[in-house]
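Just one chain is shown here, as structure tokens, and it is the form predicted on its own.
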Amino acid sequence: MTNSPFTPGIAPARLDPAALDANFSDLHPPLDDHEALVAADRCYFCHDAPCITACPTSIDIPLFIRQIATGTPEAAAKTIFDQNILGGMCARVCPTETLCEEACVREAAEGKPVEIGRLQRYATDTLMEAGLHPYTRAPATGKKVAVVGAGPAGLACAHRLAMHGHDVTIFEAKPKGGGLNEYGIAYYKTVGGFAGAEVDWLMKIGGITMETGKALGPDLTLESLRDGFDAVFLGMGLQGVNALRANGETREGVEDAVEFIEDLRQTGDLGLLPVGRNVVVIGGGMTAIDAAVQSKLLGAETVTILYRRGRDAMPASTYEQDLAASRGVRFVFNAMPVEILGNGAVTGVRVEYTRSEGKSLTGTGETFDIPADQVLKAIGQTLEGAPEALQLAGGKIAVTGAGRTSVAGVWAGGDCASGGEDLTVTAVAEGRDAAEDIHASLMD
């Protein structure tokens, strides 16, 4: 190995292969049979369970845990998939610490919730690894539905529509299906190619065709989709990246964090992925955390997250913040970049402290410099290429009810649609609910 964490600039192979493998191993190893039974035994099986209310897909959590406790994990998986067909991925990436597990009665009483996420993974993995798909299609309706985007919302919508007997065609811009699950989640949260395997498993329902390399644009218009299909669901996510609005943003070494994570997820050899010696990540959401942690795991000497507001306002959960800190990531709060320093390539970031005045944020005038040879922007994404016929709200496609847009016969859900949180589990719920509304509309 010729490089190390101290190699100047942006360089690959800062760590040896064994260290990289260890760093990017499964964040939460799966439970074995005995561990699952012990974990399930802690559930009170509440009648009016607050964890169900806290789940965006309303999974009957006490029921599936009881099914695990009685030795029927396949039945538990069916309970999960009935509400959340991407329950396997959500078990890995869902912020359970702020949803179902935070609402758990054990959490309130003891400060240690039932391990709902790991139990969900145990159940869903058991069924999926057996090669079972517990759903069959209803008789064919003769109706055709177009789904734009093979992310969580689009996949959930397509599967539910296929169950109802409709023929579904998914149009996906990228080479693979999965959307955020395939391209935008931290490597160590979904190891072993699980995102792709989950898409393949979901497609076993039949009645779904996926055409990759096709996005809304000159060759695929909303008008042509409406003409060729009985209904259209838009779930293409957010493709644009917000501008940093700081001098020097175009310097060499300034990258979008989403592209950095995508490159990491798609590489066949982590040792080939270059990373800076001193990395600065700008932002406060999950993308910022994932980019920062993975930079450190790739061998960066220092990694700093800059967030313009205080810790309490940070979108990333306390758990994720603590995870980053445990990996050696440094946080600087109430600070915003005002200039990317360098002569061609990045050498540092000039930062100004901030203060809140009501809902507005202003600089204090006090600045300092942070050394950097790589700057990753994680300051949010924007909707690009939305058809002009659609009404927008807050920069996203405006929807009412179960995803109905302003155009008849067109629904939308997931990150590209207004309302809700930008979470995989929320996108699944929106895709599922839109599918039920589409089905009702087509059968009316």
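Quick note: we count residues from 1 along the sequence shown, nothing fancier. Nothing here was measured: the structure is a model prediction, and the numbers come from that model.
The next section is about a form of this same protein that is not shown, the form predicted together with a small molecule.
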Triple contact flag A11, G253 and T347 to the small molecule in the model of the complex, non-hydrogen atom at 4.5 angstroms = no
Want to guess which of 271 to 279, 349 to 357, 253 to 261, 73 to 81 is within 4.5 Å of the small molecule in the model of the complex, heavy atoms only?
-> 253 to 261
Select from the listed residues A231, M336, I340, M286 the one whose heavy atoms reach within 4.5 Å of the small molecule in the model of the complex.
-> M286
Just one of Q239, T169, S317, T126 has a heavy atom within 4.5 Å of the small molecule in the model of the complex. Which one?
-> Q239
With a 4.5 Å heavy atom cut-off, would you call D433 a contact of the small molecule in the model of the complex?
-> no
Is A162 close enough to the small molecule in the model of the complex to count, meaning some heavy atom within 4.5 Å?
-> no
Would you please decide whether V148 lies within 4.5 angstroms of the small molecule in the model of the complex, comparing each non-hydrogen atom pair?
-> yes
Does at least one non-hydrogen atom of Q67 fall within 4.5 angstroms of the small molecule in the model of the complex?
-> no
